[in-house]
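The form predicted on its own is given below as one chain in structure tokens.
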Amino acid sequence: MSVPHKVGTVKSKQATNVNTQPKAPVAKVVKAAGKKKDEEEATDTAEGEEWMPGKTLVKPSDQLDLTEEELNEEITRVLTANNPNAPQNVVRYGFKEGCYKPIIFVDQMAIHFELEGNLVHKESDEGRRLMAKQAERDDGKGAEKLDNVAKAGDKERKLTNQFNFNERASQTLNNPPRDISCQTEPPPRANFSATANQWEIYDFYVEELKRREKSKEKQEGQVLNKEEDKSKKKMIQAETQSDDITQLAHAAKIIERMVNQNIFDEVAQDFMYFEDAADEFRGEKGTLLPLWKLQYDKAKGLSVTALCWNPKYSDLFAVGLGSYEFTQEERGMLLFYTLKNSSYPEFIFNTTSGVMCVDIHAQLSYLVAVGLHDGCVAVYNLKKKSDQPIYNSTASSGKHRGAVMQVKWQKDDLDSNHNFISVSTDGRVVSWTLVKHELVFTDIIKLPATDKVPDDLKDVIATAGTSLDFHKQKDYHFLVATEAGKIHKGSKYYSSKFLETYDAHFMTVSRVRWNPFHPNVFISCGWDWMVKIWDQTIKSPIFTFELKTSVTDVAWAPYSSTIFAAITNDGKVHVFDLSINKYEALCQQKVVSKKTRLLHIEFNPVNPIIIVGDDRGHVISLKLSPNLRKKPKEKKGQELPKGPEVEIAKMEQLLSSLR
């Protein structure tokens, strides 16, 4: 039932204006009375003395005036759990990348209160046990109450809450320490006292030096027989090495090799076991896998002028260091490296003149013949600890007047004397024989002068020899390459003139080599960008390959009669297999930087690797992929023929197709 409200007026005492406003009704609600009573009381209150003024809406002066549409517009605000005070520029150090990295995800949780407690939920199993134990202490009826509680727990068992955390603590008893003691007899002691002054120390060193000199004189002066004096030789060596610190050198060398093999373990594993499986998808092409890079710090500024593998130890090779700059004579070095220790040479020999060529004796692998830039030839003995050669040519003993470009060991003569042959830029081919303590020379032949030289100067101006190689079956036949581009075939037993002359190249012939299998085939390369393969019965080449830059060296593979490798001035290694492709290389790979020139290459006689030397004194070893050393596949029930006859037949078949 609605109740009418009266409207009153109020006069302001301070102003003459009369303000009339409708007043809001004020009603008192009484729960005990009825609706009529409520209405009457409300009417009385409105008319009575307890009149209250109505609420007035006060509008601020800077309030915006909004339209009805703007007032009805809904504005949505999304509350997120992100912490506004969390840092956004946190960085941490990443050990994998080696630098500081910004943290993308920042913890947004802010903990306002944290309290660790040890409360146990009363409905849990442990809570029931604790309550049972407490009841047992209080009433003394622990056994009966425990059974009742256990039964009640079995009936009212609830699923455990995995979020309940119980903190437990326990303390164990430590075993008591025990002391065990024993008594031993003291070691025997002796008192020793002496005075040492400067003179006594000096006298002791003098006596020690005299003793060592006497032992060396005995060892060098006595000529011991192989069978009779073995025991004496061992006694002398035992005396000299008993107190010498150098006896630790062998053990230290073994340890050094073990450390290096551990450091370069991945390279050693690749050398032994890695076979490039990608060759199956390359067709005929192959690749070279870089292995070790050998360098010696004291050889900076020198070029690799010679490479030679040891015929007895397949991991040992010699490196000759010198220079091809003939305007100035520089120092040289002869180094011996082993693949078991690539960080440091096994043997080091310093020479006053640059080393130009090296050859190791086939049977006595400790004898090394060396040709030098000043025209001397020398023989080193690896068994001697001395840095000096055991044989050295002099001006009186017929040394060359130009740089010695090639030396080759020969079989012993009829008197069982070792000998080797050399060729030099003075045009002489000389045989050197090791007789007692001196080198005896014999001129075999002199290279003829070119046609451009006048007749009266042909005896004065010689043609420089650049390379020399002996026939593998007929060891008295040899080939000599010259600066004039010709290759001469000669014989040690016929010194009046050469047997044959081939117009091989337009420029200097840098290398000539006989094929290790076929008796009639040899290969040559020169500065005219050409690699040519020859049959000695024909004066024109049977194969010619142009490599677009100067070819510095070429070598036959020891395992195949049709595979050879060549190196060029632009740092590339070219590997050919004539039985697979007669027109282009199976592999062309750059192995050094742009400004580095390759000078020499050699195949390992046993393992499928090659070594190349550059003009910075570095030697790089490379492993041939399977496509570069292919062998014919075996058929079921048939064994493949092996031996040099197979390689000779393979080359002969190739030659017959071209004749």
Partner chain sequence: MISGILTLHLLMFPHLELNIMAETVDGKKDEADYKRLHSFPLIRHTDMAEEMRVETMELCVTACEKFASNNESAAKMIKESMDKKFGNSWHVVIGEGFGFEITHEVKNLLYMFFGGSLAVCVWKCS
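Bear in mind the structure is a predicted one, so any value in this text is a computation, not a measurement. Numbering follows the first chain given and starts at 1. For the two forms, the rigid core is made up of the largest set of C-alpha atoms that agree within 1.5 Å on superposition.
We do not show the form predicted in complex with its partner chain, though everything after this point is about it.
- Comment: 197-205 is the region of 82-90, 317-325, 197-205, 103-111 lying near its partner chain in the model of the complex, near meaning a non-hydrogen atom within 4.5 Å.
- Although the partner is absent here, residue 192 sits close enough that one of its heavy atoms falls within 4.5 Å of its partner chain in the model of the complex.
- Taking the partner from elsewhere, residue 212 is found to have a heavy atom lying within 4.5 Å of its partner chain in the model of the complex.
- Using a 4.5 angstroms threshold between heavy atoms, residue 176 stays clear of its partner chain in the model of the complex.
- When contacts are judged by a 4.5 Å heavy atom cut-off, residue 187 counts as touching its partner chain in the model of the complex.
- Here residue 205 counts as shifted, since its C-alpha moves by at least 2 Å between this form and the one not shown after the core is aligned.
- Once both forms are overlaid on the rigid core, the distance between the two CA positions of residue 195 between this form and the one not shown is 2 angstroms or more.
- Relative to the shown form, the CA atoms of residue 212 and residue 436 are brought 3 Å or more closer together in the model of the complex.
- Figure legend: C-alpha atoms of residue 206 and residue 385, shown here, are separated by at least 3 angstroms more in the model of the complex.
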